[in-house]
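Below are two forms of the same protein chain, given as structure tokens: structure 1, then structure 2.
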Structure 1
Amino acid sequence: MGDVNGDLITFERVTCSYENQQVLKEVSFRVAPRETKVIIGASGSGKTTVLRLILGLLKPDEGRIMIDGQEISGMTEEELIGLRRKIGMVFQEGALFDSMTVGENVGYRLFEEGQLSEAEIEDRVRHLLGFVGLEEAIDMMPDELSGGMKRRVAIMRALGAVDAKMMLYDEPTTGLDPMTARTICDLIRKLRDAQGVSSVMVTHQMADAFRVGDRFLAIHEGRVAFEGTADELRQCRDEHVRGFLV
């Protein structure tokens, strides 16, 4: 559906506080279909708050948030659950359920919803694992996987559990060695190119940011310090933005 401009995510002058602290101040940006937006900034700058707002886990004090053409701040929890079916979320550690196999992890929400048969769920799970070269790991346990394999499984679990048009990533390469981080970045790009998925990725790893990002948003003390392309980011003279790049 999208909004009138075709964007999947729109923030218009969004201000948000919690625990009596203003975290975001008049933040505006858009995410277009098939676009990967990378959000950078120092710890505590408000990056993860943006992800929580997109999911409707927080509500803005002021401003407007449109997700796939719908203004979400007035939504009921039931309406938000429907919205979240379009959004996959990968947390920093990509935590898997230790007591479940890889296949059970990827198919967890599909089993919970009960709308597909076991055979249909297994087909979908195998397809998703095949997409990341892990179909043979379907019966393995999480503690048998490397850190990079766990992160790939977590991404497929997030993608497979929803009719995902959008993926949100919170520091998805943190704690991974450079080669494994590159594999995760390549997967994020592959989802954009092969599946048409739009993404918002929060990271402080600038090599990974440049590897996946189409456009970049720098947040400093809750405000947008920069928004633009990789080339524009490299040329930006703002001292706070330059600090992220070194």
Structure 2
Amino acid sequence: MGDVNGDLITFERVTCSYENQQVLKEVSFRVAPRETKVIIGASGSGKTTVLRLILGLLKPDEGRIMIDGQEISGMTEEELIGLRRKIGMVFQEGALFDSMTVGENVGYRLFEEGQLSEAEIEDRVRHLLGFVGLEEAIDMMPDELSGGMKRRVAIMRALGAVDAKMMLYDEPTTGLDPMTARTICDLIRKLRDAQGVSSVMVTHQMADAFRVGDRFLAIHEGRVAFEGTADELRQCRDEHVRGFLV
């Protein structure tokens, strides 16, 4: 598993433009197996673009992106679909399919693959929802759920859909009350500890970042401003990074 260094994700001098604007400039970093990397930065600094690049939803202008040992920059959409089976993604606000029930959302990939019977899929979906205490919500529609419930369903959809080797979280706790945010963070840690899932989490909620992160990456105006552990981050002298900590 991983590339020659054993890393699951490798960015090498990645530059990316979006709508005629350079969003990332020569960004390099690595994510090791079982590691939770937290990406911090101001709104519009290019954090979410990193996640979109990992998933192949965007292509870099320059540089190399290796996911689980495979260079993905030149992959076709068909090839990327295979790769995405290893990655779960929790979008900001959840991005649940609003015309489907909670159960259909969580079992989406299983229904698509058509290899299991409906009863088997329902069992698996109930098990996943039970993991986050939402088994009763299986027949509810997404617009009947609170923000925190939506995020938990979104995590289970991402996890239930893939043989997850890695999970990506785009601001999973933004807009949630502290108690719910803590529940989401505990869940992210539980997934890492119990299932050995590597994670990349984008956030600007520093309390949540320290709660789940093993290593941190700060992006400022599209460039890497810092990379290191929590202790190194606390001692960092870069004014832009410090601005986040206070």
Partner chain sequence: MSPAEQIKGWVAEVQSLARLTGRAGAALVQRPWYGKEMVEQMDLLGVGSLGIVILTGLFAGMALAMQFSVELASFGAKSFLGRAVTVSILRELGPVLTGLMVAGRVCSGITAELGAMKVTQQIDAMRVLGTDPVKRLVLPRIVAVVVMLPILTVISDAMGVLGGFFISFFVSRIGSPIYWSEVGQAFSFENVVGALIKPFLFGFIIAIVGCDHGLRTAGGTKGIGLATTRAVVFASVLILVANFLLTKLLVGFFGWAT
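All of these numbers come straight from a predicted model, not from anything done at the bench. Rigid core here is just the name for the largest C-alpha set that superposes within 1.5 Å across the two forms. Residue numbering: sequential along structure 1, first residue numbered 1.
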Structure corresponding to the form predicted alone:
1
I want to check L129: does it shift between structures 1 and 2 by 2 Å or more at the Cα, with the core superposed?
yes
Per-residue C-alpha change between structures 1 and 2, D170, threshold 2 Å, rigid core fit
no
Return yes or no for M75: a CA shift of at least 2 Å between structures 1 and 2, with the rigid core superposed?
no
Core-aligned, what does the C-alpha of I138 shift between structures 1 and 2, expressed in angstrom?
3.6
